[in-house]
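Okay, so here's just one chain, in structure tokens, the form predicted alone.
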């Protein structure tokens, strides 16, 4: 019988995190189980910093709130933790056993980890140490393996689509090329779906390296038809066929996906203005996509994820990821989520060993985009 469970939210914030917390807490309370929350993700797990969650107090009124009431961290890998020595040197230590001790001393029967591929990699690693973990896929990038839709994604696409709608009026009024750079890292879901929803002319995604000349052809074709403006949506991870990712910053944190993307929108605007002669401007949507009120869809999806996670725990099904496939809630082993990235504490992200969900060329969204005339840069 479960008595005490704990929740941690890790990685970047996403709309719907609080809704998942609320669903877990309310389901737990309905079944006589206490729920706690670790403060700032795996950092709180390491520091043994947690609070009691109660639907009548701190876990009340959460459905519409963005962010997470228990905080999050996207710079903590407890399996390879960065330690600054007094002499200025840096070393990395595996402090995961400290986390295991904290969990066992507190008497937690299960930890719910709300996060993306990096978070779930650590969940799998803790499961190998005998701790019951259940993962809930959170990322606006929609790139967690084995689930169709992660919570927060729908809201991010809605925000990006609204931005495209607003850029249309300026682009048309000034006869300009307007570029919108959206998040997504190594997967182009946000860029592609918002481009379709917003009626963009070009959508560039990491899965299809682009030929700048193909984009110019599209823009010139529109001009020949009297359309003297164009909207280009690009994922931050898009790259030219003869170039590399545009990296904004490389972080000095081992054990993390330490590349910060950004800047492809500026490059595209510069290149397109030079090649077309049209004034081109770039807008970086940035953190606006991750913050604020979740959509109705994400509120419902988050609630379904939270309830399913608690049901799995009560049924003694641990070390799994809750999934949403074909409209139904289910689960898969964390081992399947990790894929070939088997090394404990290893870097997550865009490596051949990682198992992130990218857009396949036979995906229906690709076909739809092409049929409605969106240039994908190829």
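Numbering follows the first chain given and starts at 1. Not measured: the values here are computed from a predicted model.
Not pictured, yet referred to below: the form predicted in complex with a small molecule.
- Within 4.5 Å of the small molecule in the model of the complex, a heavy atom is found for not a single one of 4, 37 and 109.
- In summary, the region of this chain contacting the small molecule in the model of the complex, judged by heavy atoms within 4.5 Å and restricted to 301 to 309, 132 to 140, 81 to 89, 195 to 203, corresponds to 132 to 140.
- Note on the partner interface in the model of the complex: the residue among 127, 149, 74, 282 having a heavy atom within 4.5 angstroms of the small molecule is 74.
- Shown without its partner, this chain lists 222, 176, 290, 267 as candidates; in the model of the complex, only 290 has a non-hydrogen atom within 4.5 angstroms of the small molecule.
- Contact check for residue 260: a non-hydrogen atom falls within 4.5 Å of the small molecule in the model of the complex.
- Contact between residue 183 and the small molecule in the model of the complex is found at the 4.5 Å heavy atom cutoff.
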